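The data below hold one chain only, encoded as structure tokens and taken in the form predicted alone.
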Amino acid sequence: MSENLPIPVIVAGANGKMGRETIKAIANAPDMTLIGAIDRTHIGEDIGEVVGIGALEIPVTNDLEVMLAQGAQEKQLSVVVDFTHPDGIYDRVRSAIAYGVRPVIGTTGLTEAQIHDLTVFADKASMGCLIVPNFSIGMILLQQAAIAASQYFQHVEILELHHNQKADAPSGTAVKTAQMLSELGKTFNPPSVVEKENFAGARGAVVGENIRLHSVRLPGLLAHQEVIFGAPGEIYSLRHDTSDRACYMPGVLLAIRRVLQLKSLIYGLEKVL
């Protein structure tokens, strides 16, 4: 493979909100070239025209297998960026690995068991794969700040707020944040009373080491997360707000470049920064 050739990239979910931004970002990246756009809408139309940046001579298709086969034939290692629906994401990742096309997965909803199976599959193939719950550099900084704060607080809850078209709850980013805190060797929120939920779910979901996680879905929201620490006499809050999906694109382009250097599955963008 030649290091001088641009990285061939396929975008799955190309006409979705994240997919459209990704198409634009790849089209403007000098070290990348778009070779495929997969979606269930606008079949046969030029994806550049669809997203409003002019013709790219890449027609939209709904045939993942054909696109992966094409990616496997490229002179440079190719990448598929997936922002599709959680349904079927496990099978799509396995197919990409089988074809030798490096997956960068922005779709959330994979279970721990599925991630384990994909990790084993990628390891056997010595294939790089990145699963990224959130491509925002700002969110990664929030998570790192939460880890630092957790040394000094025993009580923490996580609140995530998203638009009402998000299919899964809680968000993959919030689950990832809770998992990162749970790996620090302590259990949070020691009980002070015997709690009773008068309505199931009123106290949110329990994730990892007794961390409460709450989800809100409303039109008008985009993507927001708050990690709230509490101690007698004080509250320490960390919050990240997204106002434009363009903020994710530096992370997406970074993931595309870094996945080519990997030989296994990595979960979380912070591990390749």
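All residue numbers refer to positions in the sequence shown, first residue = 1. From a predicted model like this one, the values you see are computed outputs, not experimental measurements.
The following text describes the form predicted in complex with a further copy of the same chain, which does not appear among the structures shown.
*Asks:* Tell me whether L5, G36 and E57, taken together, all sit within 4.5 Å of a further copy of the same chain in the model of the complex, counting heavy atoms only.
*Replies:* No residue of the spot touches a further copy of the same chain in the model of the complex.
*Asks:* Give a yes or no for A149: in the model of the complex, does one of its heavy atoms lie within 4.5 Å of a heavy atom belonging to a further copy of the same chain?
*Replies:* A149: yes, in contact with a further copy of the same chain in the model of the complex.
*Asks:* Please check if S243 has a heavy atom lying within 4.5 Å of any heavy atom of a further copy of the same chain in the model of the complex.
*Replies:* Judged by the heavy-atom cut-off of 4.5 Å, S243 is in contact with a further copy of the same chain in the model of the complex.
*Asks:* Flag I137 as yes or no: does it have a non-hydrogen atom within 4.5 angstroms of any non-hydrogen atom of a further copy of the same chain in the model of the complex?
*Replies:* Residue-level check for I137: yes, a contact with a further copy of the same chain.
*Asks:* Does H155 make contact with a further copy of the same chain in the model of the complex, using a 4.5 Å heavy atom cut-off?
*Replies:* Looking in the model of the complex, residue contacts with a further copy of the same chain include H155, since a heavy atom lies within 4.5 Å.
*Asks:* Only one of 60-68, 23-31, 36-44, 228-236 has heavy atoms within 4.5 Å of a further copy of the same chain in the model of the complex; I'd like to know which.
*Replies:* One stretch meets the cut-off, namely 228-236.
*Asks:* Could you run down 200-217 and flag each residue that has a heavy atom within 4.5 Å of a further copy of the same chain in the model of the complex?
*Replies:* Heavy-atom contacts to a further copy of the same chain in the model of the complex: A200, G201, A202, R203, G204, A205, V206, V207, L213, H214, S215, V216, R217.
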